[in-house]
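Given as structure tokens, the chain that follows is alone and in the form predicted alone.
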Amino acid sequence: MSRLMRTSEITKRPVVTMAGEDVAQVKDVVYAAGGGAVGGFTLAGRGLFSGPLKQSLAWSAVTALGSDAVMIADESVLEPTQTLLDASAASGGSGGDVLGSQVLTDTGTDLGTVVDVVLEVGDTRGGACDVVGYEIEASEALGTKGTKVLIPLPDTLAASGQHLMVPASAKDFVSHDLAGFGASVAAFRAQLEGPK
């Protein structure tokens, strides 16, 4: 079983070892594989005045991503941040921040601006953690200008430094709440695959 969550729900979440030691907190999410999967997390220290750490956490080393903490076996699974960023770049990850990017259809219609990223998180170690959609501030093209809506994404993404490209049919699968968004993503991807 998997669940959907916004990236903003993960940042600042504590990273805790199986022995109960609170070792860090999530600072940012690093995407890999063309932006379609989570490669891992950059980390910050715990406490009010703690800054970024030089170590990061690869997704493959996460034991569980719970509602209150990110669980790891122990601190030995942490790796240098540059190693995680290099792995993301090698897999085609953009390495950039998508928040604030304009979402365009492949026919050139502006759908809005990205305000959050929606992830589908598997609940077992080694399960997937994939980007399945964006929360965007809608443009006039969606008929709800200024509201926040969820738009599904295909398995692979096209992104430049300023724009994210989606198929024009994505606007037909827009959802207004996370509870029904999983069905929208499945229907959108089935439509892209065509009849079997």
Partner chain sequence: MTLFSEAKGRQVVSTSTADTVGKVHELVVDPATRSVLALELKKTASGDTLRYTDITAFGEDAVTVAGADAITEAGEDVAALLGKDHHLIGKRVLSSAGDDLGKVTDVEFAAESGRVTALHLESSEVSGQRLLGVGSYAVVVAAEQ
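Residue numbers count along the first chain shown, from 1. From a predicted model like this one, the values you see are computed outputs, not experimental measurements.
Another form, the form predicted together with the partner chain, is not on view; read the next lines as being about it.
Taking non-hydrogen atoms only, residue 150 never approaches the partner chain to within 4.5 angstroms in the predicted complex.
Looking at residue 22, you'd find a heavy atom of it within 4.5 angstroms of the partner chain in the predicted complex. Residue contact check for residue 11: none of its heavy atoms lie within 4.5 Å of the partner chain in the predicted complex. The closest non-hydrogen atom of residue 54 lies beyond 4.5 Å of the partner chain in the predicted complex. Picking from 59-67, 131-139, 164-172, 36-44 the stretch near the partner chain in the predicted complex, with a 4.5 Å limit on heavy atoms, gives 59-67.
The listed set 71, 114, 104, 87 contains one residue whose heavy atoms approach the partner chain in the predicted complex to within 4.5 Å, identified as 71.
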